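One chain comes next, on its own, written out as structure tokens in the form predicted alone.
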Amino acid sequence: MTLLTRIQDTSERLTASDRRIIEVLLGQQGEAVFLSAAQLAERAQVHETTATRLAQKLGFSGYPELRAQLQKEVMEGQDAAARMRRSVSKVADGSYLADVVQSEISALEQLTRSIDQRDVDIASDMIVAARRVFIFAQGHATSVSVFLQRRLDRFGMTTVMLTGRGRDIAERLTSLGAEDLVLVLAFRKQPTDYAALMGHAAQVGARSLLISDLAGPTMTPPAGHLLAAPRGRSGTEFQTPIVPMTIVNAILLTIAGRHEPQVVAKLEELARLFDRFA
């Protein structure tokens, strides 16, 4: 079980101090693997005992075992990157294309260790079972959300895009009910309107799904189901969009595979409509 999976499984029991520790652990992995419990707590600006309590909450005997797990996962990621570096070692300096390819492959390898197909199955079934899918995204996540909405529309599903801010979003939520699904795409940090959206979804009994990166496990209140994976290089460096796009494509293919008769019927209907409007 990866550290990220452990965090996801205990997300509802995490305190604000726990989340600050996790932000350092996941957001600054390269440095965090060398920090003691006291140094980690200082960087997160929490009490030193928080690191130990969090480790035990995640199922470790103590902070040293948690750090060992983080070191193991970081080394595995570096090994994957090192293999790719060797394969492009003959490329001249300044070959940005090769560098991007290397980073994308490393990120995709990490994705397969972060998300299990069973979690994708659950997400896909949640979407199919929903009366309507309310899609919320802001910033860079909107490009992925537009792609997802168009594909779901083609599958014959009813989608509602939650665009804008505050009042704009609230106006589209007046009809949200228990048979609907709120699907959020959010990266780097918790969006301003996330808490209000998830709070309202819980109040009316709507199910919720979050597609995110390392910030996902720290978002509160937690979504009913979370799909989260690192998006490559940490910190302020380039974060690849290929990871969330791959997650979305996996969901779409899983929907098509698990609900083939329903999806095929809608695509055939769409083909007839295309002919009519041609």
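Start at 1 and count along the sequence shown; that's the residue number. Here the rigid core means the biggest group of C-alpha atoms that line up within 1.5 Å when the two forms are laid on top of each other. Not measured: the values here are computed from a predicted model.
FYI, the form predicted in complex with the DNA isn't displayed, but the following is about it.
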Report task. Would you confirm whether the three residues 50, 53 and 62 all fall within 4.5 Å of the DNA in the predicted complex, going by non-hydrogen atoms? Result -> yes
Test of understanding: in the predicted complex, would residue 43 fall inside 4.5 Å of the DNA by heavy atoms?
no
Heavy atoms within 4.5 Å of the DNA in the predicted complex: does residue 36 have any? yes
Checklist entry - Applying a 4.5 Å heavy atom distance criterion, does residue 225 contact the DNA in the predicted complex? => result no
Q) Would residue 15 count as touching the DNA in the predicted complex under a 4.5 Å heavy atom rule? A) yes
_Shift of residue 251 between this form and the one not shown at or above 2 Å (CA, core fit)_ = no
*asked:* Following rigid core alignment, is the displacement of the residue 225 C-alpha between this form and the one not shown equal to or greater than 2 angstroms?
replied: no
My question is whether residue 41 is one of the residues whose C-alpha shifts by 2 Å or more between this form and the one not shown, given a fit on the rigid core. yes
